[in-house]
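Below sits a lone chain in structure tokens, taken as the form predicted on its own.
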């Protein structure tokens, strides 16, 4: 019954979505508001309808209904209830349904705002949003149905939603369970954040296309979609960071980012979205680069769909990707249709987006922002080529080519340095015009302070010049932001109107968006410190030692105390080593690296033991062991300096984005420019 309700609700959602598209289009063409209002109500209805489908599938997972193929593949009796719920997005069909549900939530939420001022945009926002939703619901309904069950027929075991001729339904006693790599808390939170970032970017795209269709050359669509964009950017950023944390904690290779194709498929829309946010700022302040802004939101939306295609088509081989599926061709067709249609519309409206304003100074704020956009797009192009080149090579030559991390790092490293330099200059630049002489007067004091970023590493014996330059840029960015904040506070204090604390509060309130951006940039610097530490200074060793044996790395010594092997109540066999970590002759911590073997899925998972401080991480992996032999156990050990700053920077980043989206009581609606 639950499966019937879930599939029926899914089918009704598809019908309602198609109706909403048709009603909105017809109402706009015939100028009949009643039809548009009906389409709006249809878009409001899709979220509760898909909630019924999602609830039905979760019910099947929680009640161990293994006669359904999806439940049998991603769940098992030994899994706790919270993991059974997260199994909703643990497989292809369920994750597509979850994706559609989140998108339905966003599209339904859009209809709740007041549309009195924007009636001309409403029907096209409905058409574009529901078209995307209808596509994904279509995939769930006819290609990846999570409600099909097992049947025994004369030809063997098959799967179908309804009973095949002569079929007898099968009821397996247990399921395979989630992949052990997906049972980590990071993977429980990571996919929802990633999906929220993906689906939220569809909203600004819908507003942008609606603006093009209605020939509106003003900035209204940006004002309407600004917070949607910021939240999308925040969720996508969180998804990337949580994915990196999962890789660091579970994959057992001592790092957080391996330039895996699926990692890159999520990074590309983030890069395009970040570039889009920067050009939006210029358009709001100066009315410039409207054409580029449109190009970037089109690119971001299509990269969201393309990234989803890469992970679900079976095109990529990765621990992050789903297995091969028949949805690849239809997915590719949808991407092509969207991209061609968007670019055709943009070409038709190109002249509407021209700006009379031009760049007047290389050192103006808008020029520096455009340089940062170019740098972001440089990483994007490199990432796209790195992902697609092996497939293109295989298609043309028949040979598989591997593109490894060095390819990406040769480009991304210098570009990251360039972006840090932009972060140095941009807070001090002004709109429209700025001279090098003016910037020089503001930069010399922070520059002097930033030399600490060179002196300290050199004093510590660091001689690798790329690392020294990177630390100097980090110090320079921090110094500039600190000096700029205190400069504005001092100006306020000189007016004699407020106390020191009152001046600080006034400056923060009056420049909310500027200081929110400052927080985000400081967060990026913190994360850059973690990246510099692990990329330039990571060292590792591996060895087999007996009980009581030692393994040294840098200033640390690890002592192997013993190994415990036991079964758990949730269906695992655990081999857990106990190791003590010594430094300067004293024991400073005890770690428990382990290897978990899951009986239901017949797969292992490696959980490292990590001692983490602001200075460094001591990271221990249990590779192999001998229960009886005196050979003991094999360990792989990493020393990762400064990597904790990557995770701290991520939390500061969240604070900055939330501050950016926080309502400003003094903000006024953007003026509507002439068409």
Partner chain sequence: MINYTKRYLLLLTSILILAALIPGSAMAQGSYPTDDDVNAVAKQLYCPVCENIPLDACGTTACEQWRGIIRDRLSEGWTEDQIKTYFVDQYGDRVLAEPPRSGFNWLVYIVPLLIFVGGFVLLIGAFQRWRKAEPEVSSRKNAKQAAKLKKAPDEYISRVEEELNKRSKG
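Residue numbers count along the first chain shown, from 1. None of these values were measured; they are calculated from a predicted model.
What follows is about the form predicted in complex with the partner chain, which we do not show.
Asks: Specify the contacting stretch among 109-117, 537-545, 201-209, 561-569, defined as having any heavy atom within 4.5 Å of the partner chain in the model of the complex.
Replies: Within 4.5 Å of the partner lies stretch 537-545.
Asks: Just to be sure I understand the contacts: of 574, 371, 148, 85, which is the one whose heavy atoms reach within 4.5 angstroms of the partner chain in the model of the complex?
Replies: Result of the distance check: 371.
Asks: Quick one: from 80, 166, 406, 466, grab the residue that has a heavy atom within 4.5 Å of the partner chain in the model of the complex.
Replies: Exactly one residue meets the criterion: 406.
Asks: Taking the partner chain as it sits in the model of the complex, is residue 397 in contact with it (heavy atom to heavy atom, 4.5 Å or less)?
Replies: Residue 397: yes, in contact with the partner chain in the model of the complex.
Asks: Does any part of residue 588 reach within 4.5 Å of the partner chain in the model of the complex? Heavy atoms only, please.
Replies: So residue 588 does not count as contacting the partner chain.
Asks: Given that the partner chain is not shown alongside this chain, does residue 287 nevertheless sit within 4.5 Å of it in the model of the complex, heavy atom to heavy atom?
Replies: Contact check for residue 287: no, nothing within 4.5 Å of the partner chain in the model of the complex.
Asks: Using 4.5 Å between non-hydrogen atoms, is residue 261 touching the partner chain in the model of the complex?
Replies: Taking the distances in the model of the complex, the answer for residue 261 is yes, it comes within 4.5 Å of the partner chain.
Asks: Using a 4.5 Å cut-off on heavy atoms, what residues in 358-390 are near the partner chain in the model of the complex?
Replies: Sequence-ordered list: 358, 359, 360, 361, 362, 367, 370, 371, 374, 375, 378, 381, 382, 385, 389.
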